[in-house]
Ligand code: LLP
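Have a look below at one chain only, the form predicted alone, in structure tokens format.
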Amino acid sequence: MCEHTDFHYIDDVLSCEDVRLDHLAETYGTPLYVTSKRSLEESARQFEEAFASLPHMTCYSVKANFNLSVIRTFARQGFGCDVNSGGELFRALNAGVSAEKIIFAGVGKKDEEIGYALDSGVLMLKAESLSELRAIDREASARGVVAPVALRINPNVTAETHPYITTGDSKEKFGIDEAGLEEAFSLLRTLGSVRLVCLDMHIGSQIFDPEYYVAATAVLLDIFETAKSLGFSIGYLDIGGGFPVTYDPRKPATPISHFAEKLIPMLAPAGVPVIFEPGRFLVANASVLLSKILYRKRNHTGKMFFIVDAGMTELIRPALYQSHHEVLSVTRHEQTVVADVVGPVCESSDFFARHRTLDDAAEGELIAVMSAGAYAAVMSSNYNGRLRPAEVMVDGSNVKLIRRRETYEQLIADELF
């Protein structure tokens, strides 16, 4: 197994911390998201330890997993939050995160979201275009306040990751590239209700090579010096997130300490606090998606399928990104079989594994799709009229239901004839 230190076998039964997953399935049903609180806290500790020598603030990226109990776990570690919508801001505030530790990001904020952020008193709003700077200025002026803003820089660094999760390339929609900075700085001088407090970047996700961060940070630091020479007082530098985790044990992630070793000597001389926005790094390997094998099916070519009761509606990453997730039998077996693990949704892309060597589990047994803590529950849907699963958090031998399973009534509660 990869990086799942809090998911391990006890007497040949896969367990989360001190609790057997089969017992959780009996109590809460399947599909079921199971999260280890200890794993969340350990990831937070590793990150903070790596960057301990650098004055910084860590803002958990809520988009990775917005369950209130997950956000609150990080808030209790002293973390702030990076939010991308009014809904994520609402979640962070309700989870107990102080507004002064919340950064409001997003390339397409509506006026009412900008107003909500200003009324809440967030630390800053990130601006990704000249039009957005003007919109923030309008909303702040209407309220008689000066909005603290971060300018998101697009450093034009193309990291080696899936094209759908690269965000620092000038061909993408994110940020303002260097060619547009002179106009942005000129505009900022004319706007009376915004104040530039931060320069920000984010170059993508699952970036294994620290040198991409080095290249992008060098661009950010050059712009920082330019901004200072123009008279702007920059209080923070924000280098985003995107630090990698291990999904496939054959491709282990670069340790976070390697990134720190490269970045701290570059960032420390700037003399301002650095903001980090880890999301996936903190949560990906803290959860599994527990599912039951409904049917075993072998077609005329001899191909074996495990048809399970979870699908792309619960974890879309394999369908969307062709991502690898380990699939483990909850009860260990000595015999193995090569099979596809597929869900019940009526799409050919509804799979968790293709041609994978798996334990030879029987119908009615349980499997666990590993590394389901990031971009799983948050991207779930009701396609095919499916109900979003329950979520539980395990803390040692204690289990807490942190999201109830949806009901059929909820599916139509907001619809009108």
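Nothing here was measured: the structure is a model prediction, and the numbers come from that model. Residue indices: 1-based, along the sequence shown.
Separately, the form predicted in complex with the ligand exists; it is not shown, and the next lines address it.
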Any idea which of 176-184, 329-337, 71-79, 199-207 reaches within 4.5 Å of the ligand in the predicted complex, heavy atoms considered? 199-207
Does the ligand come within 4.5 Å of any heavy atom of Y321 in the predicted complex? yes
K109, heavy atom within 4.5 angstroms of the ligand in the predicted complex: no
Does K126 reach the ligand in the predicted complex, with heavy atoms at most 4.5 Å apart? yes
Answer with yes or no whether E277 is in contact with the ligand in the predicted complex, where contact means some heavy atom within 4.5 Å. yes
Checked T58, T35, S61, S371 for heavy atoms within 4.5 Å of the ligand in the predicted complex; positive is S61
Name the single residue among F351, F51, Y375, Y28 that comes within 4.5 Å of the ligand in the predicted complex, judging by heavy atoms. Y375
Pick out the residues of 226-250 whose heavy atoms come within 4.5 Å of the ligand in the predicted complex. G241, G242, F243
